[in-house]
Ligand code: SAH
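The form predicted on its own is given below as one chain in structure tokens.
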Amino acid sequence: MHFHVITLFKEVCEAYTNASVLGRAQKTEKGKGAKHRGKKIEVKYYNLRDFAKNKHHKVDDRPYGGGPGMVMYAEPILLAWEKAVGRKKDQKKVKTLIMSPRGKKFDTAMAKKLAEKYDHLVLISGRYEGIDSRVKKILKAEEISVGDYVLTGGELPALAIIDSVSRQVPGVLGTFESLEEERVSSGEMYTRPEVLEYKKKKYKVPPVFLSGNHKEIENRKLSQ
């Protein structure tokens, strides 16, 4: 899976995608007996200012028809998109998403569909009041929302989508069982020590989790 992030703040996103699970998934595994040795995902960034043709690399202007704030130019976004995937032979394997609070709600079902159907995801992270509406029309892009709230920019939603979709790519988490959504799970979980003492009060792990009876443990989780 190849992720292409069009943004003004590459450094904000890289700190997250280069760390932990996502960071490892972008590296080639070494050593004998390693499964899925190649990279599982690839994340590339495209700074919009690099595609602005004006003298000061300006990427926004006042909107036609008036209104508050500034709107991002279409041309730099279109040029960045062309740099990312414009020459791919199989455009059916390319999906372009615009981060927007007005978009379709993103969920795990969508993450699975994106991972299964596409090889390239282009994530357009807008700023200010939004982007020129002609971008959506030209690229046949889909607006996506990660929640019922408004953020300063599209970088956080893009990272959420990269994280969620990557989990569905074979080998990223190591084993299928690592997917919480594919197994019985609840918010109740414990680890060592068996008895935790905090401010002179003792907190014990419920006996069922120490019993070794997997059926009872599963029932306990289901009840939660």
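Start at 1 with the first residue shown and count on from there. All values reported here derive from a predicted model rather than from experimental measurement.
Same protein, other form: the form predicted in complex with this ligand, not shown, and the subject of what follows.
**Student:** What is the one choice in K137, R102, R87, K117 with a heavy atom within 4.5 Å of this ligand in the model of the complex?
**Tutor:** If I apply the 4.5 Å criterion carefully, the residue I get is R102.
**Student:** Is there any non-hydrogen atom of T152 lying within 4.5 Å of this ligand in the model of the complex?
**Tutor:** Yes, T152 sits close enough to this ligand in the model of the complex that at least one of its heavy atoms falls within 4.5 Å.
**Student:** Classify I144 as contacting or not contacting this ligand in the model of the complex by the rule of any non-hydrogen atom within 4.5 angstroms, answering yes or no.
**Tutor:** Yes.
**Student:** Examine E75 and determine whether its closest non-hydrogen atom to this ligand in the model of the complex is within 4.5 angstroms.
**Tutor:** No, E75 sits far enough from this ligand in the model of the complex that none of its heavy atoms falls within 4.5 Å.
**Student:** At the 4.5 Å heavy atom threshold, is E129 in contact with this ligand in the model of the complex?
**Tutor:** Yes, E129 is a contact residue.
**Student:** Of these, 153 to 161, 166 to 174, 187 to 195, 47 to 55, which stretch puts a heavy atom within 4.5 angstroms of this ligand in the model of the complex?
**Tutor:** Flagged stretch: 153 to 161.
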